[in-house]
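Coming up is one lone chain in structure tokens, specifically the form predicted on its own.
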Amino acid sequence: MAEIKQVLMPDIGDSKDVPVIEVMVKAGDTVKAEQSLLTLETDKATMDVPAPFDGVVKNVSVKVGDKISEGALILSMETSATETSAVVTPPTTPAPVKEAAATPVTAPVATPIVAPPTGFQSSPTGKAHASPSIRHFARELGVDLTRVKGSGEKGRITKNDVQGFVKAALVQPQSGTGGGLQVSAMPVVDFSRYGVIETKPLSRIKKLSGANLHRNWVSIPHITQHDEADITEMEVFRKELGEEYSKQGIKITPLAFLLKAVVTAMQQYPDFNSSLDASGENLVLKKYFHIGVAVDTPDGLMVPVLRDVDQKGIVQLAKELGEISAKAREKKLPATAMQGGCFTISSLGGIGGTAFTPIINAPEVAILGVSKASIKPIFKEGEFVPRLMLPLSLSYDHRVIDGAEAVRFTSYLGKVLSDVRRLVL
């Protein structure tokens, strides 16, 4: 028969009002005896409070930041009579439960159980600051905690920190395979020594993309070719189209023209629509044209992919761009919408800048960066005339594309953008 039992704070010596620095379970979790429920911290040590028996957590009465003493209610658990039959009754009656009134337990009547304490784990200066359960978890994974940066209170290492360290290690090229860099670990600095600081966690998108960007930067030999395209006539035509389709709610942006122009250049230079296979010895040439577009969202950069760009017109591409950009900002893009790209465009033209070095989105072999267009005096037909010039920054994988081919690509791209009639050829 199921029974609800209360788990109370055990005797921890003379310590009172000990801060809770991590709660490791939540309502609905199934836990095993001796599994850590929460971590406490005194001035010089940390301590895990384990579960006294198997069961299912019904409700948790403490949270990070609470200060608790012996006898305080930690949580209530539902367990069968057979599971608790072996539980030893505490030798002394627990102290009154200070927090119990805030979270009443319904029938059946809860039986208080004092969780036996685990040993304290000291954290002297210069050593990894982690609870016993985290140290055990790290040992199981073979992780050296001195190399893990803690994100918890006072730099304490959490389970997520250990898992993140392992994930980051897995994406790094292995030594001895010809890839990867042997570099020293990043310095660990206590910035609060020098002034007031504020710490905030990276968004999930930035955590995921950060590991991929680092991998791509260190494993792909990047070269960036900078060029300019005269888009004076294109801009006139774009504004005319914009006025025509504004009533339909379609915004015609320069990016729609860039998508078509890039595909035209890729058709002329097929190596830009390729990927190296896993062996690195063969080039996979693609016959489809799916283009990724970097979208700036409040949580970080996302790259949705527009498919079959070669089969669509400017207006249709402009419409799809507006739709996928809105979905990206609203976090409504499925994972499949960001897969299968052949080439990526990263446009900062709406913000500013004159040039930058975009990082290739592997397994693609090139990415086009676009900065803000500006009016420049261009010598044409014997005189200087004002022209609207668009800065282009093409990063390419030097294992696949050489410098001469990259220049030909940007030059051809410039021709297409300067005369939009070429888009229909």
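This one's a predicted model, so the numbers in the text were calculated from it and none came from an experiment. The first residue of the shown sequence is 1; numbering continues from there.
Same protein, other form: the form predicted together with a small molecule, not shown, and the subject of what follows.
The closest heavy atom approach of V293 to the small molecule in the predicted complex falls within 4.5 Å. For P221, no non-hydrogen atom is located within 4.5 Å of the small molecule in the predicted complex, even though that partner is not displayed. The closest non-hydrogen atom of L255 lies within 4.5 Å of the small molecule in the predicted complex. The shortest heavy atom separation between S325 and the small molecule in the predicted complex is within 4.5 Å. Just one of S274, S209, T264, S346 comes within 4.5 Å of the small molecule in the predicted complex, counting any heavy atom, and that one is S346. Checking K167, K251, H214, K149 for any heavy atom within 4.5 Å of the small molecule in the predicted complex turns up a single hit: K251. In summary, the region of this chain contacting the small molecule in the predicted complex, judged by heavy atoms within 4.5 Å and restricted to 136-144, 196-204, 294-302, 69-77, corresponds to 294-302.
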